[in-house]
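Before any questions on binding or motion, here is one chain by itself as structure tokens, the form predicted on its own.
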Amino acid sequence: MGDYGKKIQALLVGKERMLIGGDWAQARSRRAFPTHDPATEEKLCEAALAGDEDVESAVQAAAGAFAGWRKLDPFERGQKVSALARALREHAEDFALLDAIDSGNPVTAMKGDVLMAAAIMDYFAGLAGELKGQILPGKEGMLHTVFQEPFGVVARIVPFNHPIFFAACKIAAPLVAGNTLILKPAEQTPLSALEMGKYIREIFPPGVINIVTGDGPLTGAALVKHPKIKRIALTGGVDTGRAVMKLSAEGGIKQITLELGGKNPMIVFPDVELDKAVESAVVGMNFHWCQGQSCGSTSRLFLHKKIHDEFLRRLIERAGRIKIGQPLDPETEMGCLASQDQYEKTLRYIDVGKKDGAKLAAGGGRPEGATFAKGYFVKPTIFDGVDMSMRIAREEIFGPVLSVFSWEDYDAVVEQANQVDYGLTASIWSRDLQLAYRTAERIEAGYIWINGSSRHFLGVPFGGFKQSGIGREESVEELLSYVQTKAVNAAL
């Protein structure tokens, strides 16, 4: 832990407890699970393994706080969300340190995650005025009014790849809309969410936000099946999304949104400025920020035959300049994978790519040197000569593995881009904007960049087609997804 050792040890204190009803609580069963530093493979601490009784306590606390919270002026709810955003900014280093040791992401990138989360929270706080009703025209003597009302208790289940980012920004819309909430962070990375609980206790009434820790089969299942939780949102994998939809029905009909996986294409036409497009290919793969562990990563790169060889040469050179290092080093650009499971899964797919006939052009294993003797490090890996018959072309790896294709026929490359079950993001590179827009119309994806990649923009709805999810986030659509419509028809 180097220079940060004492500070990190202080931050780890108390992480075996959850936030329920404004109080810190251990699991009723006293069961716990370890969380590890993926860069050293050493145990950091233990977190509570919440069971049915703990989830029931959190639901009761949230239900009890709902009446008071929904009565607050929406702008006052927004002010409290903004107050939490300020606390995140003021303690950005603390959250970044916890995420670096818990997820393996670079500490400098994790400071960026804190600031992005705070900006999104402020954005939703500013949308409080959009929670408005309507008066509709009707026959004489009738008054038709439409109200927007919160659901009540909602649950948010977030993933391991951007721990504090998702834990913080994904609670903003439901809170501003007047719901109370139970947050479940990923079992691999619970620490920064629990740290946020310190400031939640200072800012929000007890029970408005509850944080329960645990795994999917026990804690997650208890949440999604609970009959008093009326609204569920998940960011995670497709298999988890299917499980949530199936299990939630056991507790009644619920409103569900899912932001799931992706196997996203980047199509490069021959007229591009190569260096800019190469940089976008590296950035789009999220090698730097989270080691390719992003559902939005452009992990299928379609290069026109005219530029394929030169583009690939520059791509390999650019990826080779990424500074891989320990997550706590401020100079590190690329850390390690979040867990042994992710590490082993990535290596299996690299082996599958070789066996299926793809050409390993770069990376393919652990970096050299004593720094990387332990930990779940994998170099940026690039396969060339990939075709759609290969598993690495069709299945989400969620690691630093990029598949490169060569194309000449326009219709064929569009067909290949759409030839997967996913449809989250896509990137199109061309100086011909008419061609680029025509291509975007044909691509089956919910969030498309033209001459760009990776970046998200406040207010622009983010979400996927096909197996990549249901619903839209980061926009007014997300806020309105946390209210239900009530129509009142009065005979005057």
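Each residue number is its position in the shown sequence, starting from 1. None of the values given here were measured: they were computed from a predicted structure.
Although not depicted, the form predicted together with a small molecule is the subject of the following passage.
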Of these, Gly363, Gly325, Gly178, Gly261, which has a heavy atom no more than 4.5 Å from the small molecule in the model of the complex? Gly261
Position in contact with the small molecule when the complex is considered in the model of the complex, options Ala61, Ile428, Ala27, Leu424, heavy atoms within 4.5 Å: Leu424
Using heavy atoms and a 4.5 Å limit, would one call Pro174 a contact residue for the small molecule in the model of the complex? no
At the 4.5 Å heavy atom threshold, is Asp215 in contact with the small molecule in the model of the complex? yes
Is Glu187 part of the interface with the small molecule in the model of the complex - any heavy atom within 4.5 Å? yes
Taking the small molecule as it sits in the model of the complex, is Val224 near enough to touch it, meaning that at least one heavy atom pair lies within 4.5 angstroms? yes
Out of 128 to 136, 412 to 420, 261 to 269, 325 to 333, where are the residues with a heavy atom within 4.5 Å of the small molecule in the model of the complex? 261 to 269
Taking Ala243, Cys295 and Phe398 as a possible spot, do all three reach the small molecule in the model of the complex with a heavy atom inside 4.5 Å? yes
